[in-house]
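In structure tokens, the next block holds one chain alone, the form predicted on its own.
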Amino acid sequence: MSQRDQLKKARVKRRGKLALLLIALVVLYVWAFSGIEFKGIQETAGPVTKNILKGFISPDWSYVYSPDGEDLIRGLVETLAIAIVGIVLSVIFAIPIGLWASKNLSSNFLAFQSGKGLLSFIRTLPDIILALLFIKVVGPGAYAGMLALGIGAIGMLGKLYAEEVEAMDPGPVESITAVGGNKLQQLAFGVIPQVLPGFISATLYRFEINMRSAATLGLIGAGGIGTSLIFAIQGRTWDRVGMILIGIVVVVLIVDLISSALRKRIV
């Protein structure tokens, strides 16, 4: 068989695999879509959509600040506080667990696999489920939201920290070991200086997610601006809904821009 025939045969084989893959994806999509019950669009869909858009165009600017009671600024500040305190709580627990789950720092297979198993378990718990559980434990409010974000982010941060440690250069640690350095000195002078930029970058990335999640958790009573949003939706005060959504979008964009700029400078 000539080289040209071999190339033609390989091209036909690749196209056959691609066609099978596309057919499998279409079958999977049809199967998944068929499991979703569709009851049609509700009669109120048109007026509600119109009112929401009207709320965006003519938001309730008087809700931005009120010296006497609840307002947008207080809600956004509380949301930001939940995100900040939550990420600090996550970092405190994620660093030791991430080091424990790092393959190149653990003494045996069972040690680092148990750490990875713990992180995988925490990652299976959605923030909103944790928030519902903590609301039952500490009551509704910002404290439940902070605990949900703080515990929920440990799985993701610990995994990213462990991957950062596993990708580091082993040379500095080996040098410290060669001159008699103990485990603590290896960690302080060989590991941390190498992985610190990666740790900070991962933390900032998770903080962006925390900010968006903190706004969502308020919808179920875990504090923050989400609580005001759900009350405004239930009361059908669409101009206030529009003002709250605009405020959330602006704050999340600002946090994303600052976080992205910091990560670019660090990494």
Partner chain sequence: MDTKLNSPLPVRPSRWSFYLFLVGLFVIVLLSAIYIGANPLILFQNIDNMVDLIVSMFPPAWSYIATTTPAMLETIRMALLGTTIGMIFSIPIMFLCARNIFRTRWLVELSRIGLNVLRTIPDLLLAAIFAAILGFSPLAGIVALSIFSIGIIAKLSFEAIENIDNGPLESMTAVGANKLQWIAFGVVPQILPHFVSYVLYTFEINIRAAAILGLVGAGGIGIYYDRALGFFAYDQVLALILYTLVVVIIIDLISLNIREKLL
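Residue numbers count along the first chain shown, from 1. Given the structure is predicted, the values throughout are model-derived calculations rather than measurements. Take the two forms, find the largest set of C-alpha atoms that superpose within 1.5 Å, and that set is the rigid core.
Just so you know, the form predicted in complex with the partner chain exists too; it's not on screen, but the next bit is about it.
In the model of the complex, at least one heavy atom of I128 sits within 4.5 Å of the partner chain. Within 4.5 Å of some heavy atom of the partner chain in the model of the complex lies at least one heavy atom of W238. With a 4.5 Å cutoff on heavy atoms, Y161 does not count as touching the partner chain in the model of the complex; it lies far away. Heavy atoms of R212 reach within 4.5 Å of the partner chain in the model of the complex, making it an interface residue. Checking A188, L118, A111, L132 against the partner chain in the model of the complex, a heavy atom within 4.5 Å turns up for just one residue: L132.
Proximity to the partner chain in the model of the complex, defined as a heavy atom within 4.5 Å, holds among L99, L147, V195, V173 only for L147.
Annotated contact segment (heavy atom within 4.5 Å of the partner chain in the model of the complex): 120 to 128, selected among 120 to 128, 100 to 108, 161 to 169, 180 to 188.
Taking a 4.5 Å heavy atom cutoff to the partner chain in the model of the complex, none of the residues in 162 to 195 make contact. Taking the rigid core as fixed, one finds a CA shift for L18 of 2 Å or more between this form and the one not shown. The Cα shift for I57 between this form and the one not shown, taken after rigid core superposition, is smaller than 2 angstroms.
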